[in-house]
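Just one chain follows, in the form predicted alone, and it is written as structure tokens.
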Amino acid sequence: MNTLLNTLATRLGFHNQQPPFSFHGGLPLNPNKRALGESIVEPPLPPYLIIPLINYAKQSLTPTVAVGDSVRRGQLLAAGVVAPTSGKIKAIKPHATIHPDTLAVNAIVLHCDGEDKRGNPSASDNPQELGGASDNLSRLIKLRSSGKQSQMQQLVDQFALSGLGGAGFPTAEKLLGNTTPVKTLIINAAECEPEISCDEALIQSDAIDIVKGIDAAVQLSQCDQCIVAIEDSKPAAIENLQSALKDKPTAAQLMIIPTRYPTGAESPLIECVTGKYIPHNQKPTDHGVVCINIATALALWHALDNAPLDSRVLSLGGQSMPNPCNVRVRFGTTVNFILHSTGNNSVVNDHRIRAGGPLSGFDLQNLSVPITAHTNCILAEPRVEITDAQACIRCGQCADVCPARLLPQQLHWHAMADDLNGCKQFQLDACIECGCCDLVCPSSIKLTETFRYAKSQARFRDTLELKAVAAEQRFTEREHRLEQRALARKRAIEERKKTIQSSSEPDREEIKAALARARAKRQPKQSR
């Protein structure tokens, strides 16, 4: 493979940068991807879309539309959320989402009218005037240099640009919101988990626009260097990227990295490319590093060209998927509709349907959940008999493969004992849920599933603690207000008493004069 890539680089006159570093743990998996082809399937629009009103930080969003409103494609529905097509808002109510626990959040139910009409991407009273891609890029750069954050944020909201990686972190915040100078911008084209090939399909179909998006990201981030990291298992995609980078001069360099899971995760990729290990409680931007997905770079260029992000490409795969393919899906489309529209409806009842890759994904209990920006894969797997977990033998293999440098066996014991403080001590929140520990565990212990549960419990406890702190603060503020009101009332009563007393008391000089007149009248009578 390396000989092929070197020959390819020489023929194209493009010399690739080789990775000087690696990362701790991981697994050298053979992807074994089924050939999905370069074409991307475009299914029909569903009769309705379900758009969750929640951001990457799991915070609820306030809708800018109401039930009964008619909207057009690209119209702002909430901060950073646009209508994926035209239609009418039929409801705003809680709905299940793609989540291990089928989390329900407030969502907009949009009935599609089938016309797919585009409209003004802003629902504000003073929408930003939009130009072409180059004009919008120049405008953003000028707004950033002049420090006009509010205008810049308003323009960015119209793009609805969200990260198309696992976490869905807002791209604009990465490129425009960091105060630390960006030294290295990493474009993540790594996709080493089996069955996922959506980014590879994008590279083979839209390499030229991807490079335009990379160049725009370089200008917005003002980085010192830009590295496009791609695995050595994608020779066709590598050739496309090399050709596109050669045709459009840019500061980006192509780095071909070994196919090792989970290279596609942010922290391992940064360590592989730069040699920097970023602790879980620190942000890469604090170290001068920004990492965005290659699909996000393409979405950035389309957004700058006035096409807000309202869809994504995801892979349909798995051992039981009869028609595996890469498919472009509008946000809000349900998993059930995707399977039926691509001829994969036969797997719905008799197989396990999973979201995400075979290692880091999870089984779905409800297929009426909508696709969002960070849904990159839907798998159909045969139902298997669950192997009972055995006792941990303390072999240490889970710690050897953990890319986050954790001690999974220690975390498992604390998690099983509901010892959340112990889990925190062993840095549970640093777990990236890659599933490497599950794959090597000889005792068949469901470590990742246990860690997900412990994380949800920790978040629930933290939420309760925050609510308790907020309630205590409200109680303290209320007591202070009551105390101030009592003091004010007491002062008012005292002032009133003084006023009444002063107004009811006669003048002492007048009293003396009256007494003198009375004595003067009595004196003649006394003399007679």
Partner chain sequence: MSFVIPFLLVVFALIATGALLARLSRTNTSTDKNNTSAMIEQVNAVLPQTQCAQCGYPGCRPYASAIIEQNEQINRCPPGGDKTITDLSNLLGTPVIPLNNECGVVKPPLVAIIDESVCIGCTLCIQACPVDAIVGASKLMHTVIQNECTGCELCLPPCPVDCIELLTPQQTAADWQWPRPA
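Here, rigid core means the biggest group of C-alpha atoms that superpose within 1.5 Å across both forms. Residue numbers count along the first chain shown, from 1. Here the structure is a predicted model, which means the values were calculated and not measured.
A second form of this protein, the form predicted in complex with the partner chain, is not displayed here; the remarks below concern that form.
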Partner-proximal stretch of 305-313, 103-111, 136-144, 339-347 relative to the partner chain in the predicted complex, 4.5 angstroms, heavy atom: 103-111
Residue (of Val67, Ala488, Ala471, Ile500) lying close to the partner chain in the predicted complex, criterion heavy atoms within 4.5 Å: Ala471
Candidate from His99, Lys276, Lys183, His374 lying within 4.5 Å of the partner chain in the predicted complex - any heavy atom: His99
Contact of Gln204 with the partner chain in the predicted complex (heavy atom, 4.5 Å): no
Glu231: touches the partner chain in the predicted complex, heavy atom cutoff 4.5 angstroms: no
Heavy atom of Glu449 within 4.5 Å of the partner chain in the predicted complex: yes
is_contact(Ser368, the partner chain) in the predicted complex, heavy atom dist at most 4.5 Å: no
Interface residues of 447-464 toward the partner chain, as seen in the predicted complex [heavy atoms, 4.5 Å]: Glu449, Thr450, Arg452, Tyr453, Ser456, Gln457, Phe460
C-alpha of Asp418 moved at least 2 Å between this form and the one not shown on rigid core: yes
Ser70 C-alpha shift between this form and the one not shown of 2 Å or more, rigid core reference: no
